[in-house]
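First come two forms of one protein chain, each written alone as structure tokens, so that there is a structure 1 and a structure 2.
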Structure 1
């Protein structure tokens, strides 16, 4: 009878040691991999509260049939002055894989070089893999200043 109680005490002690070792290994793995995972997955940055940007170029500096990239919040934007003199602004992020688009003067379209996506001057996707049009931005011209707004 005494031997049986000692066996139960040994089993109970062994289970306790196994639980402590297992828990310690779990804590060790979490303490190693959690910082690695946090490093690999960057935190989402809060967007600035400003919804308008005054562009550094004057209206008179822009020639017809040209496009320029600017920074709108944390993402690039594109300003296009058509051959007719109209100004248009879009997000310069391709809707396919988020590459930066550019204006092609010779073809008068907006082009994504990553996968040959093409948008017309209204931001509509007309060929290639982009699934959606470019996000249009509002323009406000005050004198010679160009202000781009989202909304």
Structure 2
């Protein structure tokens, strides 16, 4: 009976040591890998707060039935002048896998070369893989200046 109790004590002690060793190893690994994993995740950069951009072209410069890419914050946007003379602006980032779209004068639509996505001049996805319309941007024409805004 006494021997048995001793055995239990030894068992208990050993389990205790194993547990301590095991968990301190665990803590050691976590304390090494946690900072590494966090280091790998790139920090979020502050987005510039201005949400309106004045385009580098004058209204008079733009031909009907043409499209141009412009810089909207850190992303490309596309300005289209329809054959009717209407101005439209969208984000030029394809909603499929983010390639940059282009205006096609011959077919009067917006095309993404990466996987043949096609949008109409309202930005609506009409064929190919893109799942959503292009994000529309607001336009504001002041005299000869074109200002684009998010909204």
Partner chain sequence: MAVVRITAWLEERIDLWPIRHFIQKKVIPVHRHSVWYYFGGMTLFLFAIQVATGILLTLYYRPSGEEAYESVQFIMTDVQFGWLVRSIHSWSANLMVLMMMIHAFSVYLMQAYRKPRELTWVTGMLLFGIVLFFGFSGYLLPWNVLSYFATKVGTEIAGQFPLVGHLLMRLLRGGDEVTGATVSRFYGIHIAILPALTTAILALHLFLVQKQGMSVPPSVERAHRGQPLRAMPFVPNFLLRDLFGWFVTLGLLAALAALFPWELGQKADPFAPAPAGIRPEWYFVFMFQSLKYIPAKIGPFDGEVLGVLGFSLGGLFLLLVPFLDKKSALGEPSPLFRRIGIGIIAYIVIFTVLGYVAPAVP
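Residue numbers count along the first chain shown, from 1. The model shown is predicted, which means the values in this text are computed figures rather than measured ones. What we label the rigid core is the largest C-alpha set whose atoms superpose within 1.5 Å from one form to the other.
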Name the structure that is the form predicted in complex with the partner chain; the other one isn't.
2
Would you say residue 141 moves its Cα by 2 Å or more between structures 1 and 2, aligning on the core?
no
Core-aligned C-alpha movement of residue 60 between structures 1 and 2, 2 Å or more:
no
Given a core-based superposition, decide whether the C-alpha of residue 107 shifts by 2 Å or more between structures 1 and 2.
no
Cα shift between structures 1 and 2 at residue 15, which is computed once both forms share a superposed rigid core (Å):
12.2
Can you give the C-alpha shift of residue 37 between structures 1 and 2 in Å, rounded to one decimal, after superposing the rigid core?
6.6
